[in-house]
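Take a look at this single chain in structure tokens; it is the form predicted alone.
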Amino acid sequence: MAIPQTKMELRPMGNTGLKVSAVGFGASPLGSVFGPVAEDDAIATVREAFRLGINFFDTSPYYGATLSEKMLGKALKALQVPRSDYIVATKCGRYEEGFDFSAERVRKSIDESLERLQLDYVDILHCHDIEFGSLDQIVSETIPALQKLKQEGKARFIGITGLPLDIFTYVLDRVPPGTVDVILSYCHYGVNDSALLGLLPYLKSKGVGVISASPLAMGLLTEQGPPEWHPASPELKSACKAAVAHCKSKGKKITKLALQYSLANKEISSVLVGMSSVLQVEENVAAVTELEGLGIDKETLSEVEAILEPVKNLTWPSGIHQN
């Protein structure tokens, strides 16, 4: 039975021709990385996301040690809609057992991912957290291997992901134009850190689509607070906690404010948010709808920005290290 989709803003992804939902579905929580998620709940969550106009789903073999891909695969199959109705990104190079950006592992990785996702191809295949490997290997070995997979039709487009912003310019300056289609940056376009802003004109000049993940700074901007392993400094954690408390005292949700802040920049193709329940999906979509209608709560935003000003763009040196 066809699922009637409601309208959500679709944005162009660089020069790919893809039109992705302004909010993207981050599927890492489906791998039970933030707490257990039952299969039925995963399927219901993806179904509701699709029904409400989300067409972009992002995963990785690293999330939940391949569980995220398996769950997303089952959920997408359960939609029973044409493959062209949704856009899927997965990753290669980072696994539960460690990092491997070799051409041989990339080739093996996509076949394993496609089997778990129950798909013939992915729309985007990213090199995952490239700062943990050799950037020269990424340029000379990994990306050429991805290009072959593109020619074979296993991946339509190629991306790179990571935390430090200089990794993107390093790689893009060393590959022919049009080689890398998309970048995925995380924790650098939110109310506490908007460092990605300085890179957007460069990325646009390269025709590269921009995905910004984790507008909630991996839990810093949530009422429950960040997980224990969060690499932020005590100073940054403390300021974010104060911002959360301020919003709560006004009866406002910092999660909604933070998501709307990230969504307001149309230069970003999609803002990825991790979701594992129907309620989360509905709240995230409501935040988009409200932003389009009423706009952002400017008063609360300026108060939150004042609280976070001393730690603005204060980051940690690298991505999430393995436990």
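Position 1 is the first residue in the sequence shown; the rest follow in order. The shown structure was predicted, so the numbers you read here are calculated from the model rather than taken from an experiment.
If you look for the form predicted in complex with a small molecule, you will not find it shown, but the lines that follow are about it.
A single residue from the set Gln260, Asn284, Ser269, Thr45 has any heavy atom within 4.5 angstroms of the small molecule in the predicted complex; that residue is Asn284. Ala217 is the sole member of Val171, Ala217, Cys247, Val122 with a non-hydrogen atom lying within 4.5 angstroms of the small molecule in the predicted complex. Not displayed here, the small molecule is approached by Ala213 to within 4.5 Å at the level of heavy atoms in the predicted complex. Not displayed here, the small molecule is approached by Thr222 to within 4.5 Å at the level of heavy atoms in the predicted complex. In the predicted complex, the small molecule sits within 4.5 Å of a heavy atom belonging to Gly26.
The small molecule in the predicted complex is not approached by Phe50, whose heavy atoms all lie more than 4.5 angstroms from it.
Considering the small molecule in the predicted complex, the lone stretch of 102-110, 134-142, 76-84, 182-190 in range is 182-190 [heavy atom distance within 4.5 Å].
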